[in-house]
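Below you'll find only one chain, the form predicted alone, shown as structure tokens.
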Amino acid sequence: MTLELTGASRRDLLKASVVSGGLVLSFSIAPKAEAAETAGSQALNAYVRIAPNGLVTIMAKNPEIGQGVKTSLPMMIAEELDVAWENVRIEQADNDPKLFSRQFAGGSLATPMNWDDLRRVGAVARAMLVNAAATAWNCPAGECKTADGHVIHVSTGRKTPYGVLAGQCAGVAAPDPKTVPLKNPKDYKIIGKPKPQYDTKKIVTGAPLFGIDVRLPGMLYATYEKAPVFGAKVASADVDAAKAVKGVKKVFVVDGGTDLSGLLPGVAVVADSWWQAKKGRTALKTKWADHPTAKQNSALFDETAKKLAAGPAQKTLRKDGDPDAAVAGEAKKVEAAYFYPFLAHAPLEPQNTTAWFKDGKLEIWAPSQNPEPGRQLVAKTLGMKPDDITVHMTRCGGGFGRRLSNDYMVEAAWIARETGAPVKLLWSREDDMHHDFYRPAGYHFFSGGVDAKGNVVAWKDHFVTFGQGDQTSSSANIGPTEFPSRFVANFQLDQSTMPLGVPTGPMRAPGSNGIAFAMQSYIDELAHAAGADPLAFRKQLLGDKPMVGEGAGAYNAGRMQGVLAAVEKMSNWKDRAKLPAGTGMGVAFHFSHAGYFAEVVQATVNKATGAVKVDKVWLAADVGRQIVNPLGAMNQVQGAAIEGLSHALYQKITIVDGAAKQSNFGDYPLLRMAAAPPVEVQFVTTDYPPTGLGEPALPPVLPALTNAIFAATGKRIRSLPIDPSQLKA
């Protein structure tokens, strides 16, 4: 079906009518005026339509989760198409892998995966317009150029707007994308220029863009109750009591399966309004069957990790030289144990999906980071053909990796098929916190040493994580090339695993978001043992080899030296000794998602309370030769630093009796605006292909903060989140 969405603001809630105890709203996403101004548009390809009035509509292929790709990816096309940005309109594409190939938001891959291809999309469209003009003018295409949405005949100055030429492109063959010339970066008018996110005005005025905003005629609302212990089956539920609640239309038990990323057992309640569905759910008084993982808890994990670390490792991931022999001499030995907890993604928009099963077809509106695997999951679970399922991508109110999983999508699809009407499934905040794919906790047990010259002569890390044998839980692994692998002659990385019944998954900078805290904090301990400047110590550890390794495992030490030098200068690092008592500066760096990031944090610790105030963050980034949208890039790296501070200062998920204990922002707080520090950013450009930056900016801020706390107090933070009671004088 075609969903018409009007352009009302949230103020229109005041005009809503009350029906059956719930609010029935009538509004939509695309204003009719905007639709009218691009009427009669001609499609040059799957991405570009040009209206007779010269307005250009560009499709945004990937999910928009706040990272700005709905703006930056069309910027690439518009640049090579050679149109004025003010004449560009952007539409969110539906999930369609046949037209748009891979459509997902994750891994900071939007820019590197699309940089060449989308520029060529624009260049091909431009070439077709030039050929259409050349045909009309009976001249060689080489005599023509383009500028701001016009084709110009160079010798005569004659020019024709794209809007006139678009209709003539139907008979023009598209050139091979590999052969079309691309612009010299010095001629860019759009790429590299700061552009506000395309939807900013709609967002701040409350226009309905998100999955949670979708409304369909005759739509019902659903809740889905699952066991606190992941995967436990329904033992009993008072279905009749739930059905007796006013407005409740349907209640049914779902057997579900055992795949934690799929349709799990639960009870669905469908009603005229979400509040009525919630009341019906409360009336269920569901009891859950016993489950083998109900005995798992965080305290047991801690105890098991210590026992595993005390014994031989289950597996050695890498060993160079002989670390034990290297510290047997005159080297100063340093031992330390580090821990980081499970974390929830906590996007501000809880999980939701609207689905409509009709005439054997299924239509879905979902804020998913990974819509095609969601479509495949729904097809497999419901026994449908993927081609009978359409997934419309809505804007996501945050994701951070959570929406790479599509459990909420398959729940909504199942409920819609059983209901026979359009249904919106909406999770509560507690649902979202209790049924996440958590960032896995991790334990690092270090031993190593430095010599009299401040060189790291040995490094051992026994990493205790979750999994079964050699197979680790999702995002609970560590790679054999993780720094400082290959930079220390005597290096050993071991791994042991323990079983886990808690679902885990990628979170912003997967793996790196915890590993960097442990690694860069321990490097700081080694620097202190050597009596060295922590920043100079890191430079020495990186050495003078510009590149270590090859291919996917390559580590460009020269690029990391560059961002370290930049952040050293930005933060005025050399004058840190002049800071007042109780204030310190810490430094850290990390390489992930092909980005090189170094960060310095200045923090002040209240001696009486132990409270930590982050004064400022300095951040230097090397993500290659081109920043597509400097404004969006700045927002991304600043936001990553702020999120990392939330991780360090406040957040943890505790597992008790097989279930997540924390339930809402009261016991899982976010950094508030008043506590957010200024984040100064510098992009260090180098002659490498552009990479993503939304994720790699996060990991270094955690150890930079904890290292700053050590500089301020002499107390080392080895476990997150930071406990202020341990920092009191």
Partner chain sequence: MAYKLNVNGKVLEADVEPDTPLLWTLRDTLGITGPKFGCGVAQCGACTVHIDGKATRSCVFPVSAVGAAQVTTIEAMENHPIGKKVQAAWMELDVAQCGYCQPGQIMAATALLAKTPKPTDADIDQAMTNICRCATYTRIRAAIKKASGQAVKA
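Residue numbers count along the first chain shown, from 1. Treat the numbers as computed from the prediction; the structure is a model and nothing was measured.
As for the form predicted together with its partner chain, it is not shown, yet the points below apply to it.
- Heavy atoms within 4.5 Å of its partner chain in the predicted complex are found in one stretch of 196 to 204, 89 to 97, 236 to 244, 509 to 517, which is 196 to 204.
- Of the residues 682, 53, 686, 664, just one reaches its partner chain in the predicted complex with a heavy atom at 4.5 Å or closer; this is 664.
- Checking 462, 226, 345, 593 for any heavy atom within 4.5 Å of its partner chain in the predicted complex turns up a single hit: 345.
- Although its partner chain is omitted here, in the predicted complex none of 104, 298 and 466 has a heavy atom within 4.5 Å of it.
- By the criterion of a heavy atom within 4.5 Å, residue 458 is excluded from the residues contacting its partner chain in the predicted complex.
- Although the partner is absent here, residue 256 is not a contact residue: none of its heavy atoms lies within 4.5 angstroms of its partner chain in the predicted complex.
- Taking the partner from elsewhere, residue 85 is found to have every heavy atom lying beyond 4.5 Å of its partner chain in the predicted complex.
- Among heavy atoms of residue 395, some come within 4.5 Å of its partner chain in the predicted complex.
- Of the residues in 627 to 650, those that come within 4.5 Å of its partner chain in the predicted complex through at least one heavy atom are, in sequence order, 631, 634, 635, 636, 638, 639, 642, 643.
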